[in-house]
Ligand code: LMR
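Starting off, we have a lone chain in the form predicted on its own, written out as structure tokens.
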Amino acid sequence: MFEHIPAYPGDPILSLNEDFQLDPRPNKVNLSIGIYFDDAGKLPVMDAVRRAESALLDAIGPRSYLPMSGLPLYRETAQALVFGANSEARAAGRIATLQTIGGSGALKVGADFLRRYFPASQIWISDPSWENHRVVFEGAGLTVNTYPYYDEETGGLRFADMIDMIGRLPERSIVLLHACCHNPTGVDLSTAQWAELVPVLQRRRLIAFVDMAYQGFGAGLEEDAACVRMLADADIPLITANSFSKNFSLYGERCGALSVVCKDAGEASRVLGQLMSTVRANYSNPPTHGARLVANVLSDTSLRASWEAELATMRERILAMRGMIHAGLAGRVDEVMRARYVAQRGMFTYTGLNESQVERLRNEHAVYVLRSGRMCVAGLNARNADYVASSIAAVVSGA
């Protein structure tokens, strides 16, 4: 009955990570998968999360199903983190927020919602974008297009081309934007560029869909959400997906949220109801444990202060690793290639390595980056940064 079904080719990131696990070489370095590791090369358990989990274990109780929309305190605290405690849209009840199964689940629920209520709309994603963006939106039945974004020659942003294309899109088109720490390039819009983009979205009557998977890993929690708040204040039809996988180091708990900013509270209520209908058709309701951890940390003054301090340390360590590899490449590669390690930000950098260089890096030096040349800077540490820099220099020079 199933003999006609082809083999799944595998996800390029997860498949590469599996290859890394099987590599017996002791000097191997995994810079492929988007996970934050500490300087010991370990996945950290944040102290605030540990304390919140200990408290939950001391008060074990019944675990009934959550509502389709999720844990109320989680939804409230997630919304405040994304839009700001003093958001006018929040105060007016204009934001529909629900708990999702990770940021990917938020994208999926948002994609299904848009396909149902905007069937004629197509979506535009950056060139390049996270590989799964296309998979999720095409899987929902949306036509996926791209807008200019990354400049291969400079390692920067093609902003003029980007703004020109977005300014010519049909009304009600959906534009997927990265709030901060663009995946995969690490190239972000400046505050001034966001301010220039806002009136274009308004004039063309476009729907902004913002993916914010790395809040706190760019410039800071408030700074990284500034573009979302700018869009909300501009009354642009706005959908935002956010994730707590990275900034809480809760990858396996799949904690995310989806928010839709509406015209008024009545509209938000109707939208929330239809989002819940979409959830019911997918997975009925979200899980409890991770949501309780996040909600308890964000709502407790002491735990939140501890979490914010540790997140700042993680952000600063990434910056330090960028500085180390930038210094290690001095005089060994051209300055345009070298500069991107400090010009780009967040967990990822587009190294400028081509496919053959990436292959040599993996085969000859046991350093794993994606075929596109994307490196997860968070996989570097004080012990391997110089080795990685030397390995990159070797494949670039052809040595």
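Start at 1 and count along the sequence shown; that's the residue number. Predicted model, so just to flag it, every value in this text is computed and none were measured.
A second form of this protein, the form predicted together with the named molecule, is not displayed here; the remarks below concern that form.
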Exercise. Open or blocked: the named molecule, posed as in the predicted complex, superposed onto this form via site C-alphas, with 3 or more ligand atoms within 2.4 Å of backbone or C-beta counting as blocked?
Worked result: open
Problem set entry | Site check 14, 246 and 348: each within 4.5 Å of the named molecule in the predicted complex by heavy atom | yes
Seminar exercise, completed: Of the candidate stretches 58-66, 353-361, 32-40, 335-343, the one with residues having heavy atoms within 4.5 Å of the named molecule in the predicted complex is 32-40
Seminar exercise, completed: Students should find that, of 214, 209, 137, 74, the residue having a non-hydrogen atom no more than 4.5 angstroms from the named molecule in the predicted complex is 214
For this session: Consider the chain as shown here, without its partner, and state which of 87, 126, 79, 183 has a heavy atom within 4.5 Å of the named molecule in the predicted complex.
Result: 183
Exercise. Residue 83: heavy atom within 4.5 Å of the named molecule in the predicted complex?
Worked result: no
For this session: Please run the contact check for residue 130 against the named molecule in the predicted complex: heavy atoms, 4.5 angstroms, yes or no?
Result: yes
Problem set entry | Within 372-387, the residues that have a heavy atom no more than 4.5 Å from the named molecule in the predicted complex | 374
